[in-house]
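Next up is one chain by itself, shown in structure tokens, the form predicted on its own.
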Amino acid sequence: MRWVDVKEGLKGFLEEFKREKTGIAGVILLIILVLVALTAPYTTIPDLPEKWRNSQYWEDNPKNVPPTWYNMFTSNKLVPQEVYLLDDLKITHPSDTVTIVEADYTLPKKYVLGPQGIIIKGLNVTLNEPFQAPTMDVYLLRPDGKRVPILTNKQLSSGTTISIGRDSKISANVYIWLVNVTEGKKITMFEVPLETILINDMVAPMFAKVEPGMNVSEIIENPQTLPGNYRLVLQINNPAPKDNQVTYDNIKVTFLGRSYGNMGTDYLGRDLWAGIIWGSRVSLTIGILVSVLSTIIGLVYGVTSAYLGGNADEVMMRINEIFASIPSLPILILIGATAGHITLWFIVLLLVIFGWMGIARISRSMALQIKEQTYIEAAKALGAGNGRIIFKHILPQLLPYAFAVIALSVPGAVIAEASLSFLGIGDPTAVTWGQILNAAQAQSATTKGYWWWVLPPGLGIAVVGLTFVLIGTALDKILNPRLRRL
């Protein structure tokens, strides 16, 4: 096969491909997917697979909240995330032993609820006199003039994190405050109903209307948002400032939103947008790699079987039928369950082992026609060996079919990997769409209405499948007529 012929054939193919609108659409989608996959470390979070299962990394994110753009389609607006660093806070020193840190937070009228919680972290404490350790009082000043005591005499140390909304002791303090304001009486920590503060959202009442005579249970279950300007106050008391030092360079106050990012968060607060972008890398890699390897193995196996003929052909086809009769998904599940930790490369190997049989049978039937051609007989007469005839004279004739098969086989490989990950058998060190769906299923995301956790990875799988189906269909339309002329 001369280079001139290859060049002319390629030129003719490109001219025909340009006329296939579905193929052009598929190529555009493929380019977008490849760019998204390649730029994932730069557009989202570097080294995301290492951080994906580290729950502490995501503690500054709200849990199970929809994306921020959801507010455009609903009348019940949900507050976004707000983060305050050192430059955003007001820090004063009324005395040598007292420091006041203030964070002003505005809750507009359009939002139905306040933040999901408040995280305070980054206080660096150096203790040289442990018996006079610094302590902190935390309270919230509301627009109606009321003061919500959140924490009192909290002993500080480096690494101290205050999680308002996730700490049962803080929730109990909020409940005590609610009873004090509405009923005018003081109760102790032992009188707080645990089932109430552990099950219900105790942050929303802090940003809701609370007046004497109101019912505490009604405030907790159906809070009426109180818009306005709030102020979170941290009062650090350091009785021994010369011995114990508190620095604020790394302080961070986060008002957890009830909406977050481009795709919301899951039950650990993980950014689903980052997970979906990184998942595209796995889907494309596995899909293309499995498709290419399966096609190459199937083509070589089928052509070799057809060319050798006789008993060799019979034995090879029986082996093919044995592999084809094995139910691949149950076997993959069994192997995955017994092998324990499965890497992505092992998944690729398994999918290739069970993915070449159909291609081999079709390529064999096509090779049976090609090997009867005159130029094959001429090559034999000139003394060409079996390998030369198979790889130089027969396989090149099947390349058009191979390209179409590669494109059309990618969706199956992507769905197979997603199915294994969805069943919990995938690579736990990787971030895949199947694993995101697996976590959603385990947390009953569908029944709880967490659509942002289910739809995006499912649509991602569908888009990858559609991309290669469009390309494969266009290739099939262009190349099949040429194959029929053989």
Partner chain sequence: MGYLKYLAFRILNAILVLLIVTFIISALFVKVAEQSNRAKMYEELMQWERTEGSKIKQSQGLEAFERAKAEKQASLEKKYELNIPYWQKVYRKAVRTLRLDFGTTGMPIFGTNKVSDIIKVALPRSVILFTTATIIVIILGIFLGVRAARHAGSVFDRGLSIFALLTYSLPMWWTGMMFLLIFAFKLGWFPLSSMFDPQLTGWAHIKDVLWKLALPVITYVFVAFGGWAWTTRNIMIGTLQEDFIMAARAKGVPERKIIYGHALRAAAPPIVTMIIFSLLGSLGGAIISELVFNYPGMGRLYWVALQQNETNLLIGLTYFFTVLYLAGVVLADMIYGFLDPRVKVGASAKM
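Everything numeric here is computed off the predicted structure, so don't read it as measured data. Positions refer to the first chain, counted from 1.
This protein has a second form, the form predicted in complex with the partner chain, left out of what is shown; the following refers to that one.
Exercise. Which listed residue (334, 85, 382, 349) meets the criterion of a heavy atom within 4.5 Å of the partner chain in the predicted bound form?
Worked result: It is 334 that has a heavy atom within 4.5 Å of the partner.
For this session: Report yes if all three of 314, 324 and 461 come within 4.5 Å of the partner chain in the predicted bound form by some heavy atom, otherwise no.
Result: So, yes: the whole triplet contacts the partner chain.
Problem set entry | Answer range among 60 to 68, 33 to 41, 47 to 55, 447 to 455 for contact with the partner chain, defined in the predicted bound form as heavy atoms within 4.5 Å | After filtering at 4.5 Å, what remains is 447 to 455.
For this session: Using a 4.5 Å heavy atom cut-off, state whether residue 364 contacts the partner chain in the predicted bound form.
Result: Looking in the predicted bound form, residue contacts with the partner chain include residue 364, since a heavy atom lies within 4.5 Å.
Problem set entry | residue 423: touches the partner chain in the predicted bound form, heavy atom cutoff 4.5 angstroms | Close contact exists here: in the predicted bound form, residue 423 approaches the partner chain to within 4.5 Å, heavy atoms only.
Exercise. Any of the heavy atoms of residue 240 lying within 4.5 Å of the partner chain in the predicted bound form?
Worked result: It does not: once the partner chain is placed as it appears in the predicted bound form, residue 240 has no heavy atom within 4.5 Å of it.
Problem set entry | Non-hydrogen atom contact residue 25 with the partner chain in the predicted bound form at 4.5 angstroms | Because no heavy atom of residue 25 falls inside 4.5 Å of the partner chain in the predicted bound form, the answer is no.
Exercise. Looking at the partner chain in the predicted bound form, which residues in 402 to 436 have at least one heavy atom within 4.5 Å of it?
Worked result: 408, 411, 415, 418, 419, 422, 423 sit within 4.5 Å of the partner.
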